[in-house]
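First, one chain by itself: the form predicted alone, in structure tokens.
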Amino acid sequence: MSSSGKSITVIGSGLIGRSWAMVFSSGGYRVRIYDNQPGLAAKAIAEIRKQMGELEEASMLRGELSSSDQLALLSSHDDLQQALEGAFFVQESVFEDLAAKQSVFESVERLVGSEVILSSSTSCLLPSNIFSAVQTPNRCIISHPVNPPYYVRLVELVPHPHTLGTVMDATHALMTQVGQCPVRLNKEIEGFALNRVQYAIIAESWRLVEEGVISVRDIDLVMSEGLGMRYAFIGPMETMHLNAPAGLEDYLQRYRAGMRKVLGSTGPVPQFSGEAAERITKEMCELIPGQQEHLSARRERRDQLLMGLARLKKEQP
């Protein structure tokens, strides 16, 4: 898919909308940023200009174009019809509210042709609900990024029950071309794939802390200094395949019974509330205080580390 002269509209100028704009412009696409709050889209471009300058200085700017060339591809709009002119792909990134997203797509559908792909950034709302009022849902899809998308390349592509295969293919090709790593879900499911796996890890980690087996600090080290080390480069299926002398079949023969025994002891889904939540929150805040300045500093550290990891992964064959 050639990006020359092609236009993408990003609806919503918050963190995710800005990230999408940066990703798409890095691939050479013209990007029109729309926000229904006057002036916010223009402010988003100012923030992007600052971020791109920092990225270029750190040699982490994506794509083959300079930051000034990428910035030249961006425009801000307070008028939706103007923002949609010439777009072949629309990426909605408004806040996570079903009614708000439904309203966006109702408005967009009236202003674009039936060949334009309509994509949502939702992290948990099902496509059959988001696109329930769209007259042609066969061109609708969810493209769920991982925060922050500029460094974490995964995008979950989740189809509406009527989404055409050609729409899935075109979205997959677009995301690949702009440097993301798209994965296809064959059908919609609560939580998609990433959050189902993430919540399973969170639930078991929470149970272990709640039951006094391990501290908040140490369960996080189990991931960051243990599982996370290899999961940064290989997934759970390949991990099993490599962790037995003769591969996956051998692994299942050796560990099937033990896995089933452990999984049978994991217990019910935690409530994540009450006394346990207060106690765990207190322990977490003793490690990283909950005030904004502390959280902001820690998020900045996270993003810097993710930038370094993204650079390392880029260098791997």
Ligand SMILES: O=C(O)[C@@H](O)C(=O)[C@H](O)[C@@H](O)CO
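None of the values given here were measured: they were computed from a predicted structure. So that there is no doubt, residue numbering starts at 1 and follows the sequence shown.
Absent from the display: the form predicted together with the ligand. The rest refers to it.
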| Does Y231 make contact with the ligand in the predicted complex, using a 4.5 Å heavy atom cut-off? | no
| task | Answer for S76 alone: is it within 4.5 Å of the ligand in the predicted complex, judged on heavy atom distances? | result | no
| field | the ligand contact in the predicted complex: V146, any heavy atom under 4.5 Å | value | yes
| query | Though only this chain appears here, would N138 touch the ligand in the predicted complex if you measure heavy atom gaps against 4.5 Å? | reply | no
| said: Within 4.5 Å, heavy atoms only, which of T176, Q198, T166, S224 is in contact with the ligand in the predicted complex? | reply: Q198
| note | Checking L111, V216, L194, L185 against the ligand in the predicted complex, the residue with a non-hydrogen atom inside 4.5 angstroms turns out to be L194
| request: Given that the partner is absent here, state which listed stretch (157 to 165, 198 to 206, 176 to 184, 232 to 240) has heavy atoms within 4.5 Å of the ligand in the predicted complex. | output: 198 to 206
| remark: In sequence order, the residues of 112 to 140 that place a heavy atom within 4.5 Å of the ligand in the predicted complex are S123
